[in-house]
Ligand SMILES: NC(=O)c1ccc[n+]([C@@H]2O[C@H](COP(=O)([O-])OP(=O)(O)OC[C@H]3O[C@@H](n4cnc5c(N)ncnc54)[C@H](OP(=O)(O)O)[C@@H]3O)[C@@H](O)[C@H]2O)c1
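Have a look below at one chain only, the form predicted on its own, in structure tokens format.
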């Protein structure tokens, strides 16, 4: 038997229920994984609250790392004992052991341990497609990253700086501003100071920034648009403060023929080769010392509700992990 988290209704952290289940034997194209570390992500809260509707009851969690304990028919590129990680549906990472489709699982290089992989997979793959595919960063470009001290934000700032961009970050406190500077931000703006777009243009130049990476949503949407240069791109990849408001497409034209996109990791890793290529680039950046797994806090797996409360209250920095016994 294995301890597994289940959601039977949407709501607060108290809806997370722990049950004993039998993961069973993997079917064709599946592997069974014993988790060593589970990643906590804001999308887990969206699933729990119903912002992203699920068919209930449902498991929860998209990211984990561990060891393969069994393989099903047709799986040829993975073996029992392999160290692996994933950041993908089907939901159910909040578990000690589970079944996963083999084509969603990637092997780990020797230089990346399970905790680092569970902290990096979803956030790192997200940072990769945002920086290299959604808007391919070029040296000298100006970039605005909201929540620069957060899990994805920190990686975006670090990687974009390495690529030669000038990065401006936003943060919610003096402590988080210091973390954003560690990530390579040339300038950090605190939300409480107000007039974010004015400060961005003061730091980046009157023209504005070439791209905004915004995982905050409603609270920063207007400032994001106000910060963009003509032909700039608004990349809205999260809703931490709620979904962005409805707006007229003509608003983009009025502001200088702006681009707007709402990308998803699922679409950028739908093909297995894209998943493997993204993971390879991520792990290469870790091995080269460009990126690191900045783990801010760890919680025992059964204390996922406490972890959710901390994440929602913005009391976390970097990545958060759930650790099975």
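This is a predicted model, so every value here is computed, not measured. Positions refer to the first chain, counted from 1.
What comes next is about the form predicted in complex with the ligand, which is not displayed.
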Next on the checklist: Among the candidate stretches 23 to 31, 277 to 285, 258 to 266, 66 to 74, which one is within 4.5 Å of the ligand in the predicted bound form when only heavy atoms are counted?
Outcome noted: 258 to 266
Checklist outcome for this item: Checking 238, 92, 184, 208 against the ligand in the predicted bound form, the residue with a non-hydrogen atom inside 4.5 angstroms turns out to be 238
Next on the checklist: Looking at 117, 147, 157, 212 here, can you tell me which has any non-hydrogen atom within 4.5 angstroms of the ligand in the predicted bound form?
Outcome noted: 147
Checklist entry - How about residue 216: is it within 4.5 Å of the ligand in the predicted bound form, going by heavy atoms? => result yes
Checklist entry - Heavy atoms within 4.5 Å of the ligand in the predicted bound form: does residue 10 have any? => result no
Checklist entry - Taking 4.5 angstroms as the cut-off for heavy atoms, does residue 171 touch the ligand in the predicted bound form? => result yes
Checklist entry - Looking in the predicted bound form, any heavy atom of residue 299 within 4.5 Å of the ligand? => result no
Checklist outcome for this item: Of the residues spanning 110 to 126, the ones with some heavy atom within 4.5 Å of the ligand in the predicted bound form are 122, 123, 126
